[in-house]
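Before any questions on how it binds or moves, here is one chain, the form predicted on its own, in structure tokens.
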Amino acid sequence: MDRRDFLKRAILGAALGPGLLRPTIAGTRSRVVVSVGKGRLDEGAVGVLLDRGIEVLFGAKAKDVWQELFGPGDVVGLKVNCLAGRGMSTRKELVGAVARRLISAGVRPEDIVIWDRANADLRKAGYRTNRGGNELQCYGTDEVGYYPALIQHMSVGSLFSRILIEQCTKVINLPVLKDHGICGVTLGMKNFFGAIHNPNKYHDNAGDPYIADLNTLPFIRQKTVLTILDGLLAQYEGGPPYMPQWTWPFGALLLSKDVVALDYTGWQIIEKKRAEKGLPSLREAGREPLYILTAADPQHRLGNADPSLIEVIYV
């Protein structure tokens, strides 16, 4: 076995983390918290939504949760979604609120990496790219490149971002609540298409089973501590580009340790809005996101897509 094969096997065979980091096991009940606000969307107001959601999700004070999940020595990747520019990307106010809480938990600013596929996408969404120094880091995979070994797993064969593979010890997934013109919805699981070099290969059949297969990779499944879905402004048609005529101010964050349950909940929110607006269901439109159901099946066991096993709490 050469060094590259050894590293690949080490990546694929990484051990589960302890305590709160252990992923939800399919078949047990999952909790999704929808933290809803009104009016202001500045960082302070978003921080209130975030703290409230964390406390209900974990049943503990927000400060204690952050200190349990993160601390000195962690390099935390904040995986944002910036493809659609300022209108429909992960909002800087949410990223700022998360970063402040990580720093309060003891994570150094220079060990927090705001990242996506490309620097240009980050800048288009309003972020200031930065690499180096003792401040928050913000850069795309194009800045550092892809891990050189092709990783083949189930239906997926891709190069993966060095940021995910080599730099981050933990990841917070920060997707956006929006429609997708091919895969039905683009929420938590699909956000990791931004970590591979060839996502164009995996949109056939509305992303099923590719999105589910991708998320079973241990370095995604085990490094991702938490998913916080940005639903402050949501889009129910025309995605992934920003189409303001099909957006609405949902004004909420969705939080869960179970990305499948979160994606299922987000899917239902989008379906409800489509029905309100007289649009066909995603099934009728030929792009039902069945990859969410696949992710919950006995082969994948990434979480729950059975509504009887999902507790949705609006606060």
Partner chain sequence: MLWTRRSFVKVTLSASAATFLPCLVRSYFPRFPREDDPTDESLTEARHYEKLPYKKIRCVLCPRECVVDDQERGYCGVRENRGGKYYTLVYGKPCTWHVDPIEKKPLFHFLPGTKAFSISTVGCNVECHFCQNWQISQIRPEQSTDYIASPLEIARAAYYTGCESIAYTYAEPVIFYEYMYDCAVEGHRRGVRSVMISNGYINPEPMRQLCDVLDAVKIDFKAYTERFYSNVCHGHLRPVLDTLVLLKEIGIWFEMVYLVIPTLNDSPDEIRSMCRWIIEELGPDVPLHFTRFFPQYKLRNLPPTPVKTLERAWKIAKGEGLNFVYIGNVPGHKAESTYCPSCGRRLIYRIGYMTEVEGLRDGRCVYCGREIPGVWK
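Numbering follows the first chain given and starts at 1. If you're wondering where the values come from, they're calculated on a predicted model, not measured in any experiment.
A second form of this protein, the form predicted in complex with its partner chain, is not displayed here; the remarks below concern that form.
- Proximity to its partner chain in the predicted bound form, taken as a non-hydrogen atom within 4.5 angstroms, holds for one residue of His197, Arg100, Arg108, Arg162, which is His197.
- Taking Lys201, Arg131, Arg86, Arg128 one by one, only a single residue has any non-hydrogen atom within 4.5 Å of its partner chain in the predicted bound form, and it is Lys201.
- Residues Gly44, Gly47 and Val144 are none of them found to lie within 4.5 Å of its partner chain in the predicted bound form, as judged by heavy atom distances.
- Contact annotation: its partner chain lies within 4.5 Å of heavy atoms from the stretch 237-245 in the predicted bound form, the single such stretch among 86-94, 68-76, 166-174, 237-245.
- Its partner chain in the predicted bound form comes within 4.5 Å of no heavy atom belonging to Thr216.
- Using a 4.5 Å cutoff between non-hydrogen atoms, Val156 counts as a contact of its partner chain in the predicted bound form.
- Its partner chain is not shown here, but in the predicted bound form it comes within 4.5 Å of a heavy atom of Leu150.
- Its partner chain is not drawn, but in the predicted bound form it has no heavy atom within 4.5 Å of Lys223.
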